[in-house]
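Next up, structure tokens for two forms of one chain, structure 1 and then structure 2.
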Structure 1
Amino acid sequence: MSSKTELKPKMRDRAVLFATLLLFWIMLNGTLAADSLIIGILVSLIITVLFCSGLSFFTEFRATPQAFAAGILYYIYFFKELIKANFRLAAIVLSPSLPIKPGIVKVRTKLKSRMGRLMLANSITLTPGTLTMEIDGEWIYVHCVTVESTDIDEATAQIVAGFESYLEVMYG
């Protein structure tokens, strides 16, 4: 491979990282005032230069119409699961018998990208009653307040499959 061919993806990765950081800056500040924008550009540029290889997982998003649609559907699914899990956990906590069956479940993911796996692990952890403990290749170890199944395929379907269907389109 020529150095020119290798340079293009690196520049694209840096541009995506810079744009992502600047977008977050603008969203957090809620203004497009010149002084705020200049500071945002400088901070985003410094971070991009210092961490261009360390934050490369931002660039793994597949920028296709299907991926953007999957992103919207993913967040709808995530919030639906978040609400359901909150009600389930509240019912457990409010029950006098405290019907818990804690345990660690091993599940499998089809996701290949680091960002896809990170998003999956965070989605599991942010859902009340579950906590991602470790990611080891295709395996994810999840602590559950109430273990419903110790069978890997069944647990994967219950915990991972919903999130994974969207993340696979977004990150692969």
Structure 2
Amino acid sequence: MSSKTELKPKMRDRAVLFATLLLFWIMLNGTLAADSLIIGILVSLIITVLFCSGLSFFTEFRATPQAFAAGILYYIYFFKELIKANFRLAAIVLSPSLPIKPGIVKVRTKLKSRMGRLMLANSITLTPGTLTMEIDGEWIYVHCVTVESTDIDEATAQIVAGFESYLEVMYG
């Protein structure tokens, strides 16, 4: 009974790894011709059998409908924030007096999985005026171009709360 419950997620991990590798191969080739497809399936199968434990990278995604919906909403929100970040940076760079007030603040995250934290750190780096510098357990140290508050809860609400609500559904 217990071995069966352990086996099941592992098979799922392998299937996800195989699908990812095959997708990369097809995108790299750009064709769906029979010969290249057969070679791709063969190579992906060999890699999946040999290196199944190495990549837990994509397998932490929860494959539920809510997670897919949250993923789509997350990417819409992410690109909106990225464009906003660029316009804010452009305003700072183009103004002659360079109105910046940099500082490093500390925020807390509720995410537990590694992939979720990685995505959160990447998102923080690409959003307006913030740059992740260090992750220490649940604490994230963030460099801001313009510091608005040094209080932990306030900074958390400003910087991470928008992404965290989506990522919590996706990765937990």
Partner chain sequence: MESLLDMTGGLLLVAGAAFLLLGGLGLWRMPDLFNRIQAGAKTTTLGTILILAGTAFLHPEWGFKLLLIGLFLLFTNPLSSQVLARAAHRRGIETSPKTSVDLLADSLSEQDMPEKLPSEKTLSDKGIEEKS
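The term rigid core refers to the most C-alpha atoms you can superpose between the two forms while keeping them within 1.5 Å. Every value quoted in this text rests on a predicted model; they were computed, and no experiment measured them. All residue numbers here refer to structure 1's sequence, counted from 1.
Only structure 1 of the pair represents the form predicted on its own. Core-superposed comparison between structures 1 and 2: the C-alpha position of I26 differs by no less than 2 Å.
Positional change of A69 between structures 1 and 2 stays under 2 Å at the C-alpha, relative to the superposed core. Core-superposed comparison between structures 1 and 2: CA of S36 displaced by 2 Å or more. For P128, the CA shift between structures 1 and 2 after superposing the rigid core equals 5.2 Å.
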